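One chain is shown next in structure tokens, namely the form predicted on its own.
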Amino acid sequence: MDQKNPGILKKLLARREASVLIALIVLCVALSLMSPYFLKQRNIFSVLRQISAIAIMAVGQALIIITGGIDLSVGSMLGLMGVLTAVFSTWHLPPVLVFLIVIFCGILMGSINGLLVTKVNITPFIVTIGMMNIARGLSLLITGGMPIHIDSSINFLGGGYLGPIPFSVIIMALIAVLGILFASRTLPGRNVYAVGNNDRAAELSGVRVHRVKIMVYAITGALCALAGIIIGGTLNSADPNSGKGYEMDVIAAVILGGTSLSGGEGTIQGVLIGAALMGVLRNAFVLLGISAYLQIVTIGVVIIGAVAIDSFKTMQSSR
């Protein structure tokens, strides 16, 4: 038994997300010693609430990156979906119908990304930059550049609580569980990894590669819509500039969590650890009174560092 334990420990530490989990634990311990407010229930739920939208979108982004793609439009799509939520809520539609319409709009936009990548054979980077501008432009056109109020009937998803727990945190946990089960326990989830490892080999094995890629972009679109509804409910209004820069936080969370930019590797649980690390890092700046400008610099360094580490691991494994 004693001989097995070191082997199990070594195997766990070899996982791509292990180093990030250790960094998260060390950061949490350090912050608990440096600030008496860090472990307060209110602060913990505040951090979880702040990362909920990022974590939800990161689940979809991870699936896209595992297939070898990328989606730079997630932040702008979040903003547009929040605006659509506000517009549809003013029509006095039932909240459930508003929710379903906005989710459908997200799926539609995500599917368009997937179709352009697969059927028109445009690089994901170009397609999603184009969609980023389209979504942001539509948000500004619809609102005239001004925030618009969201009807209180739909606000509970972002602003509601179940006891002391923000409803957005519960949704994040649910999406995390569904994402983990999808990626590890279903045939479509396994096909995502097959496509990322070698799309040609996957196609020869009977996997419908184009369908898989369209699916992951559609899933990401739906999750952006959900995140947009949550952010709109949190702010009680839809800002056309909402979600600006979120694409970088989402990608950073995915890469920090151990997902390889070259595709084929990554776990949803790792992505959640990456999102948590980003959230705790931002919270540290607030609690310690460090300049918000330095926060931007630090996040940039974290993104570059995460990509550099991923590139190093890829080179090491290819030798």
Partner chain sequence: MSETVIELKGIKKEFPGVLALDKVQLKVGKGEVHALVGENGAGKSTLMNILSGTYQPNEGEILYKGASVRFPEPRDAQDAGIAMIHQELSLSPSLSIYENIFVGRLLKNRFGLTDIAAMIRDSSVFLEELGMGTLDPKTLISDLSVSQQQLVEIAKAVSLNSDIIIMDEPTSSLTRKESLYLFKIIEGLKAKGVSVLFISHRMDEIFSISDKITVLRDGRYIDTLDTGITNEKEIVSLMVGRSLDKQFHREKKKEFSGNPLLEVKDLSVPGLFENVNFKLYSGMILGLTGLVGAGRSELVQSIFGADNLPDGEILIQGDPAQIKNVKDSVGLGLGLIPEGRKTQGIFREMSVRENISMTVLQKEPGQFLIDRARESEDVEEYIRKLRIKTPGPEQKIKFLSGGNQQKAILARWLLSSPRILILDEPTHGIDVGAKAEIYQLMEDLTREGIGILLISSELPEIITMSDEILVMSEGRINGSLPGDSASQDEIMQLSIPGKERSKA
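Numbering follows the first chain given and starts at 1. All values reported here derive from a predicted model rather than from experimental measurement.
The form predicted together with its partner chain is left out here; the points below concern that form.
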Exercise for review: May I ask you to check whether Lys119 falls inside a 4.5 Å heavy atom distance of its partner chain in the predicted complex?
Suggested key: no
Practice item. With heavy atoms only and a cut-off of 4.5 Å, decide whether Gly264 touches its partner chain in the predicted complex. Key: yes
Check your understanding: So in the predicted complex, does any heavy atom of Pro188 sit within 4.5 Å of its partner chain?
Key -> yes
Exercise for review: Tell me, yes or no, whether Val127 is in contact with its partner chain in the predicted complex, where a contact means a heavy atom of each within 4.5 Å.
Suggested key: no
Point to revise | Non-hydrogen atom within 4.5 Å of its partner chain in the predicted complex for each of Tyr193, Arg200 and Ser205 | key: yes
Review point. Counting only heavy atoms and a 4.5 Å cutoff, which of 104-112, 179-187, 146-154, 223-231 contacts its partner chain in the predicted complex?
Key: 179-187
